[in-house]
Ligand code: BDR
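What follows is a single chain, given as C-alpha cells, in the form predicted alone.
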C-alpha cells in the first residue's frame, strides 16, 4: 500500500462535502490533517459545527479550523437551502459536537501546517476559495510550501450550475478564485466538466450503512434530501459526486484526464464566476480535468466507505 497522502480539506459541509469527508476519514491512503471551513452551502458557523460533528461521528481527532464568513469583495450570496437543507445535512440531525474548533483561523492553520511539512501536503478545496486567497495574502510562502492544490469548482466546457456561465464555488467568490489560479503553485481543477459525470445512487449507500451503521446510516439519511434535489433539478434518481470526485483526485488522478492551461475568471457582469482557459503565458498553467472514467472514480470513492473502517 502506498504511503498515505497528507491532506487539508477546505470545506463547507454540505451533503456531498460529508461524502468527501467520510471518504477521507475511511481511506487508509489519506492522512486527513485538518478540516478548514468556509461559507458556501451553509454559513461558516454551521459549516464548522457540521465538520466537528462528522469528525466526532467517525471517532477521529482531526482538528477543525473556522475560516472566512464572506467573499473578498462581492456581496455574499444566499445559502442554497434547497440543495442541502438549512442545516447542511438535509433532514439528518447529528448530535451537537462536544469539541471546539482550533484556536487558529483556517488561513493560519494552512500556513502553519504546510510550513511544517513543505512540499508534502495537498490542500483540497471543495467550497469557495476565500480561505486559500487569504492564506496567500497573509504568507505568500504557502505557494511554495503546499505540495499541490485540488479545487472542486469551475465549468470550462460545461454549462454552469448556478448561472448558465458559472459553477457555484467560483461564483460565490470569483476574486478569491482568480487569486488562487494566478499563484505559482500546482493546481488541478476538478470542475463540472467531470463531476457531473460521476454519480451515486441510493443503492450505493446500502452497503455503507450496513458496514458502518453510524456514519453510513447518517450519510444514507442525509443523502435523501440531496437525491430529491437532483430528481427535481436534473431528472435522475441519484446525485452528482462533486466533492467526492475532488477528494479521489487528491489521492489518485488515474481516473482523470487533464489539459494544462492558464485559467481566467470573470470578475463582473453577467458572466461573473465564469472559468475559461486563457492563452499560454497568461498565468501559471492549471491542470484542468476535462475527461473522467466515472465508474473508476465512483468505485474508488465507495471502496473505503464499504470497508467498515468507520463506526
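Positions refer to the first chain, counted from 1. Keep in mind the model is a prediction, meaning the values are calculated, not measured.
From this point on, the text means the form predicted in complex with the ligand, which you will not see here.
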| query | finding |
| --- | --- |
| Option touching the ligand, based on a heavy atom within 4.5 Å in the predicted complex, out of 180, 152, 219, 106 | 152 |
| Contacting member of 188, 205, 192, 134, with respect to the ligand in the predicted complex [4.5 Å, heavy atom] | 192 |
| Contact check for 27, 62 and 305 against the ligand in the predicted complex, heavy atom at 4.5 Å | no |
| One stretch from 180 to 188, 87 to 95, 107 to 115, 160 to 168 that, in the predicted complex, holds residues within 4.5 Å of the ligand by heavy atom | 160 to 168 |
| Partner contact for residue 126 in the predicted complex: the ligand, 4.5 angstroms, heavy atom | yes |
| In the predicted complex, residue 50 touching the ligand (heavy atom, 4.5 Å) | no |
| Exercise: residue 242 in contact with the ligand in the predicted complex, heavy atom 4.5 Å | yes |
| Contact test in the predicted complex: residue 275 vs the ligand, heavy atoms, 4.5 Å | no |
| Members of 13 to 46 lying within 4.5 angstroms of the ligand, judged by heavy atom, in the predicted complex | 16, 17, 41 |
